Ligand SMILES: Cc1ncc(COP(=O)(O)O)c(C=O)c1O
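Let's start with one chain on its own, the form predicted on its own, as structure tokens.
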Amino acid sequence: MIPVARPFIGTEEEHAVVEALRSGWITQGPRVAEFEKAFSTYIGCAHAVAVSSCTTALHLALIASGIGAGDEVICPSLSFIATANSITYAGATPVFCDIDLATYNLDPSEIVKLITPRTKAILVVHQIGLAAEMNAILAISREYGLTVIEDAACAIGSEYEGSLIGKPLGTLACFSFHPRKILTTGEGGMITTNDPSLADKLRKLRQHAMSLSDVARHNAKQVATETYDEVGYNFRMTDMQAAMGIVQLNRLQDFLQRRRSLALRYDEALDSFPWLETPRVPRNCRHNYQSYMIRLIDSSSIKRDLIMQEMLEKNISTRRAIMAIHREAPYRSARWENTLSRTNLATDTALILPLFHQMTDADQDYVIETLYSIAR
């Protein structure tokens, strides 16, 4: 079976985790701080705050930005459900915006139509690793006084206007280290910002809002007692995860180079297919190809699910396109089904092909040959 994705875990990651176990630091400690420093240096931002997942990163980013009950946050429906859930966790209401079919990202012209007096933020998703049209979105945010938070779960190593996603372009950006992502710590997330006060608030909130971190308390030369001045959360990353993340970050350029090479091979082989669209990357963006998604064109007589089934029978795993959150029970509404036409089209007609670091040219050739066979 050729899987749709597979994390790359080598002996260096294994050794790093074992060393962390033997160090005595099991929970958040010095390796988390080291990972944060390395991550912020790579991205080029002032601060990086490690947390337990991208979902908790988004939740904290919203809370730290003052988003709460009665507020509305504009976001895409074409995303993993965690995007909307994080808004709901904060007590706010997600307002779904349609996408640009060329990029699968928010259509800035649709955002303006959704702004109300209750709108407080735009939660931008850099979908499957391709940067959203941030210049237009930031212009809207400035005009209406809105906070911009970037869901960069899939976007490690992606670029917009020559800069890495996560500097950030908005106030905060949130990354995922789930095994489906290019860089993994098993589970885990990171928040990046250039605002020192926000970074300090995030570090406290992730650890029950303690005034002293565990590291500071254990290294104190005098008895130190922490205080708790607000309600916080247990959203910590462990040193075991961070140790793995440090090694993975050192591998990142190799990961990105291989994925871009594989994506180019797909492009060259599939661009001639008249019944599908391959990814389109704007000139001001550089894709990391966290996933390689193709979409059947509107007039195609070949149905997506049939293709997926035929490929599965030939031992090739695929996945349906990105979900439409508004079709899931917690967010189902006729309003969204009737107004998100491009989101509906994308989720109904696209599929994700196998792409991972260890994928060989022979593996990829077999995937391509199978698509040719189905087309015939």
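From 1 onward, residues are counted along the sequence shown. These figures come from a predicted structure and were not determined experimentally.
The form predicted together with the ligand is left out here; the points below concern that form.
The stretch from 254-262, 161-169, 178-186, 232-240 that comes within 4.5 Å of the ligand in the predicted bound form, counting heavy atoms only, is 178-186.
Among the residues N105, T83, N288, T192, the one placing a heavy atom within 4.5 Å of the ligand in the predicted bound form is T83. Screening C54, L340, A50, L62 for any heavy atom within 4.5 Å of the ligand in the predicted bound form leaves a single hit, C54. Contact annotation for Q248: none of its heavy atoms lies within 4.5 Å of the ligand in the predicted bound form. The ligand is not drawn, but in the predicted bound form it has no heavy atom within 4.5 Å of D98.
Using a 4.5 Å cutoff between non-hydrogen atoms, S77 does not count as a contact of the ligand in the predicted bound form. Contact annotation for A153: at least one heavy atom lies within 4.5 Å of the ligand in the predicted bound form.
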